[in-house]
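Only one chain comes next, encoded as structure tokens, the form predicted on its own.
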Amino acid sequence: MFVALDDTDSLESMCTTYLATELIKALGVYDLIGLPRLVRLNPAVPWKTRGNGALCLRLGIGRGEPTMVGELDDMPVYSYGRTAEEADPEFVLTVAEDVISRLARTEEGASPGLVISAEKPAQRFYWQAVRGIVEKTDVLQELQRLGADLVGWEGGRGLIGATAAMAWRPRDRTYEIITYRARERWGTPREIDPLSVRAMDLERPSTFNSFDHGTGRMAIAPHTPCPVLFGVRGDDPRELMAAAFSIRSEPPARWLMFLSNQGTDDHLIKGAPGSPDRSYVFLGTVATVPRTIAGGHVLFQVTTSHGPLECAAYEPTKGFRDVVRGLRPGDRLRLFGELRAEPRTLNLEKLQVIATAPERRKVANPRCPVCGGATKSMGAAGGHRCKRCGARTSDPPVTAEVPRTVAPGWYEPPVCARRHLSKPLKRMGL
């Protein structure tokens, strides 16, 4: 029995993963089958909340050897690999509906959706939701085909994300342990020792996106008054548990491990950008010298198979902008990023410099072809005139090749400026 939910939080508060822990508590008569799934969806949709993540649980009576995957208010949470008996859908629906009705932030703009089904939706609903835009009518038709139970609040836009999370069949996967604060601490400053986060990041190589060593900032804690204390992501669930518990912080009231599509690049469409509000990976050639505009954003234009396109490295990407500033016309790139509708600009997530073009710089005016004397530019008239004999020449200035500041290779923004779904170079073996 699969239970999926989405769009329960707001930009200000709550967290859909926290509601998952409440569901597990309320449905304690059943076991978790496999890990809870935290599925991030299209990061470019205009109406997304903070992380655009949906949740899916599988519940039943477990069979086999249990594995501890969390702790909720001093009660251990176990996961089983197989099912001995399915959960009662009517009971699950009644309990889940009550939990979401009480905790979802509908008064702050949330539009929750709850789906309960014994069968998964077609896999295409995940790929459409992580890479594009899904119509609610298509989702409702699929849920009707499955005979699923569903509830929507305030329009029920969350039914789309819930269906997509349930439809996910991992090609690539990562894990995240999320810890949660005691209720009385919500809204107060989080107590986390950054030095312990730095040490964990250095000592646990299978973790990623935890600490920005360039700025000395940790990247595991949110900046909102939500229930989350911190989250640690990684590729090895066993090492992940040791990593999370090595961090010195205020005592977490809960923790839970999730299976996730974070850091997988599942959101990227291969090919030159077309429709906006989607993310792409494609080849391009730098067409203009990068320029810095107000606010510290760096813009440049590339030529693609679909024509010219403006690209941007925004101020939060910090040192990544220096790489972009070093690009020159003729450089061949592989670009990764989100296409905005207005202005039509690609927001860079990372890039590969495939080849650099030679850069030449003027070092002197041409010598006079008559007497060999020095010349000076004639300005708008074009050409150069000899200072000694007055002869004119159309010879070009003397240039020399200068060293490039950017070499072929891969480049990405600092940890604090990366998207949830963007695959870090570390995970790419680079």
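The structure presented is a predicted model; accordingly, all values stated were derived computationally and were not measured. Residue numbers run from 1 along the displayed sequence.
Below: the form predicted together with a small molecule, not depicted.
Listed residues S79, S249, Q128, T106 were compared with the small molecule in the predicted bound form; Q128 is the one with a heavy atom within 4.5 Å. Residue in contact with the small molecule in the predicted bound form (any heavy atom within 4.5 Å), chosen from R328, R198, R157, R340: R157. Here the chain stands alone, but in the predicted bound form its contact with the small molecule, taken as any heavy atom within 4.5 Å, falls in 131-139 among 131-139, 351-359, 279-287, 205-213. Contact between V402 and the small molecule in the predicted bound form is not found at the 4.5 Å heavy atom cutoff. Shown alone here, K48 lies within 4.5 Å of the small molecule in the predicted bound form, counting heavy atoms only. Heavy atoms of G53 reach within 4.5 Å of the small molecule in the predicted bound form, making it an interface residue. Though the partner is left out of this view, T16 does reach within 4.5 Å of the small molecule in the predicted bound form, counting heavy atoms only.
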